[in-house]
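There is one chain below, alone, in C-alpha coordinates, taken in the form predicted on its own.
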Amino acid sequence: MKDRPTVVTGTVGVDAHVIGTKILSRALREAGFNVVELGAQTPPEEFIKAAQETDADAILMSSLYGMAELDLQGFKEKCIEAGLEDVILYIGGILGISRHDFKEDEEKFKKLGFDRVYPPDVDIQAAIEDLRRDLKARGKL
(Lines give C-alpha, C1' and ligand atoms only; values in the text may rest on other atoms or scores of the structure.)
Protein backbone atom coordinates (compact mmCIF):
# COMPACT_ATOMS: atom_id res chain seq x y z
CA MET A 1 0.00 0.00 0.00
CA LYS A 2 1.32 3.43 -1.01
CA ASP A 3 0.64 6.68 0.78
CA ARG A 4 0.58 8.57 -2.54
CA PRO A 5 -1.07 6.56 -5.29
CA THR A 6 0.29 7.10 -8.79
CA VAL A 7 -2.07 7.82 -11.67
CA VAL A 8 -1.36 8.29 -15.36
CA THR A 9 -3.46 10.92 -17.14
CA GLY A 10 -3.76 12.04 -20.74
CA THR A 11 -5.88 12.44 -23.83
CA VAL A 12 -5.98 9.25 -25.86
CA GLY A 13 -5.50 8.85 -29.60
CA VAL A 14 -5.10 11.77 -31.97
CA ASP A 15 -7.38 13.95 -29.88
CA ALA A 16 -5.71 17.32 -29.25
CA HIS A 17 -8.15 18.50 -26.55
CA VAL A 18 -6.02 18.86 -23.46
CA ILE A 19 -7.87 21.23 -21.11
CA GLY A 20 -9.91 18.48 -19.40
CA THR A 21 -6.89 16.31 -18.65
CA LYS A 22 -4.92 19.33 -17.38
CA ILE A 23 -7.75 20.27 -15.00
CA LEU A 24 -8.04 16.65 -13.86
CA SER A 25 -4.29 16.31 -13.36
CA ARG A 26 -4.14 19.48 -11.28
CA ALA A 27 -7.11 18.38 -9.14
CA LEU A 28 -5.47 14.99 -8.57
CA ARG A 29 -2.18 16.60 -7.51
CA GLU A 30 -4.04 18.89 -5.12
CA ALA A 31 -5.80 15.82 -3.71
CA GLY A 32 -2.43 14.21 -2.94
CA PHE A 33 -1.92 11.90 -5.90
CA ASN A 34 1.35 11.43 -7.75
CA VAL A 35 0.37 12.30 -11.35
CA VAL A 36 2.18 11.27 -14.51
CA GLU A 37 0.69 13.62 -17.09
CA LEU A 38 1.08 12.49 -20.70
CA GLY A 39 -0.83 15.35 -22.34
CA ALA A 40 -2.65 15.32 -25.68
CA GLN A 41 -2.50 12.95 -28.64
CA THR A 42 -1.21 10.04 -26.60
CA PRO A 43 -1.30 6.58 -28.17
CA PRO A 44 -2.83 3.91 -25.89
CA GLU A 45 0.52 2.11 -25.75
CA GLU A 46 2.11 5.17 -24.13
CA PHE A 47 -0.36 4.93 -21.24
CA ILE A 48 0.66 1.30 -20.71
CA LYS A 49 4.38 2.10 -20.91
CA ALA A 50 4.03 4.98 -18.43
CA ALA A 51 1.98 2.82 -16.05
CA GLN A 52 4.62 0.08 -16.16
CA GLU A 53 7.53 2.50 -15.63
CA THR A 54 5.88 4.26 -12.69
CA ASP A 55 4.09 1.28 -11.11
CA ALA A 56 0.86 3.24 -11.52
CA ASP A 57 -2.30 2.35 -9.68
CA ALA A 58 -4.68 3.86 -12.23
CA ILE A 59 -4.92 5.23 -15.76
CA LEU A 60 -7.35 8.10 -16.30
CA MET A 61 -7.99 8.99 -19.94
CA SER A 62 -9.97 11.72 -21.56
CA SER A 63 -11.26 12.03 -25.10
CA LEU A 64 -13.45 14.61 -26.74
CA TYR A 65 -13.32 13.69 -30.41
CA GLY A 66 -15.68 10.74 -30.26
CA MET A 67 -13.25 8.12 -31.58
CA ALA A 68 -11.90 6.67 -28.33
CA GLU A 69 -13.77 3.40 -28.84
CA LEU A 70 -11.65 2.74 -31.93
CA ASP A 71 -8.47 3.87 -30.18
CA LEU A 72 -9.05 1.54 -27.24
CA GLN A 73 -10.02 -1.75 -28.83
CA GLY A 74 -8.10 -4.43 -26.91
CA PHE A 75 -6.64 -1.92 -24.43
CA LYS A 76 -7.57 -3.91 -21.32
CA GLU A 77 -6.08 -7.05 -22.85
CA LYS A 78 -2.85 -5.16 -23.62
CA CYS A 79 -2.76 -3.95 -20.00
CA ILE A 80 -3.08 -7.55 -18.81
CA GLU A 81 -0.34 -8.70 -21.21
CA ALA A 82 1.88 -5.93 -19.78
CA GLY A 83 1.32 -7.12 -16.20
CA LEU A 84 -1.15 -4.34 -15.40
CA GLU A 85 -4.17 -6.52 -14.72
CA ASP A 86 -4.88 -4.69 -11.46
CA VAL A 87 -4.53 -1.13 -12.78
CA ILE A 88 -7.76 0.86 -12.47
CA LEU A 89 -9.05 2.26 -15.77
CA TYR A 90 -11.21 5.37 -16.03
CA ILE A 91 -12.26 7.30 -19.12
CA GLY A 92 -14.33 10.42 -19.59
CA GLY A 93 -15.38 12.89 -22.24
CA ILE A 94 -17.33 12.81 -25.46
CA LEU A 95 -17.00 9.14 -26.19
CA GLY A 96 -19.24 8.71 -29.20
CA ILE A 97 -20.16 10.60 -32.32
CA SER A 98 -23.58 12.17 -32.96
CA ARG A 99 -26.30 12.57 -30.35
CA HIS A 100 -26.96 9.49 -28.29
CA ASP A 101 -27.54 8.33 -24.74
CA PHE A 102 -24.46 8.42 -22.51
CA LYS A 103 -25.52 5.05 -21.08
CA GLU A 104 -24.62 3.51 -24.44
CA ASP A 105 -21.08 4.88 -24.13
CA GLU A 106 -20.83 3.73 -20.56
CA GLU A 107 -21.81 0.17 -21.52
CA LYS A 108 -19.40 0.11 -24.48
CA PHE A 109 -16.42 1.25 -22.46
CA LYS A 110 -17.18 -1.03 -19.54
CA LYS A 111 -17.21 -3.91 -22.03
CA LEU A 112 -13.78 -2.68 -23.14
CA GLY A 113 -12.58 -3.12 -19.55
CA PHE A 114 -12.92 0.35 -18.06
CA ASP A 115 -13.90 0.44 -14.40
CA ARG A 116 -15.65 3.80 -14.63
CA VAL A 117 -16.89 5.93 -17.51
CA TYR A 118 -17.78 9.61 -17.16
CA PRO A 119 -19.63 12.14 -19.31
CA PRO A 120 -17.84 15.39 -20.26
CA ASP A 121 -19.55 17.39 -17.52
CA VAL A 122 -18.45 15.13 -14.66
CA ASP A 123 -17.80 16.60 -11.22
CA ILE A 124 -14.05 16.07 -10.87
CA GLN A 125 -14.21 15.85 -7.09
CA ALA A 126 -16.80 13.07 -7.36
CA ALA A 127 -14.50 11.19 -9.77
CA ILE A 128 -11.59 11.60 -7.35
CA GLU A 129 -13.74 10.21 -4.54
CA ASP A 130 -14.66 7.27 -6.80
CA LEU A 131 -10.95 6.71 -7.38
CA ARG A 132 -10.21 6.75 -3.65
CA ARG A 133 -13.00 4.20 -3.05
CA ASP A 134 -11.75 1.96 -5.87
CA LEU A 135 -8.14 2.16 -4.65
CA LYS A 136 -9.25 1.36 -1.11
CA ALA A 137 -11.35 -1.59 -2.33
CA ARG A 138 -8.25 -3.01 -4.05
CA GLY A 139 -6.05 -2.45 -1.01
CA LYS A 140 -4.03 0.26 -2.74
CA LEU A 141 -4.94 3.08 -0.37
Partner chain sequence: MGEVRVFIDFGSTFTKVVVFDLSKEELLARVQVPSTVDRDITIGLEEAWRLVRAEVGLGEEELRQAVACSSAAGGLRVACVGLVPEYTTEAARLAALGAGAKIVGVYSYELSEAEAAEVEELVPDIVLLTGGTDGGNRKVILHNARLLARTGDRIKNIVVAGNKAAHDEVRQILGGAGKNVILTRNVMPEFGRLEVEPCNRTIRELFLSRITEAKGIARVRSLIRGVVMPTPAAVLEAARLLAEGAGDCPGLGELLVVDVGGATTDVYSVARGLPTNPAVVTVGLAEPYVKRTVEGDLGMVHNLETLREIVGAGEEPEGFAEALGDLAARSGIPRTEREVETQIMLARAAVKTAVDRHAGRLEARVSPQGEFLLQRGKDLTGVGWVVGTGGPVAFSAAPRRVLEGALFRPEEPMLLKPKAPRFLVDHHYIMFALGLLAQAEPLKAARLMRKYLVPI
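Just so you know, these numbers come straight off a predicted model, no measurement behind them. Numbering follows the first chain given and starts at 1.
FYI, the form predicted together with its partner chain isn't displayed, but the following is about it.
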Problem set entry | Partner proximity in the predicted bound form: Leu38 to its partner chain, non-hydrogen atom cutoff 4.5 Å | yes
Exercise. Within a 4.5 Å heavy atom cut-off, is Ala16 in contact with its partner chain in the predicted bound form?
Worked result: yes
For this session: Look up in the predicted bound form whether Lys49 has a non-hydrogen atom within 4.5 angstroms of its partner chain, and give yes or no.
Result: yes
Exercise. Hey, in the predicted bound form, does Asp86 get a heavy atom within 4.5 angstroms of its partner chain?
Worked result: no
Exercise. Of these, 107-115, 72-80, 54-62, 88-96, which stretch puts a heavy atom within 4.5 angstroms of its partner chain in the predicted bound form?
Worked result: 54-62
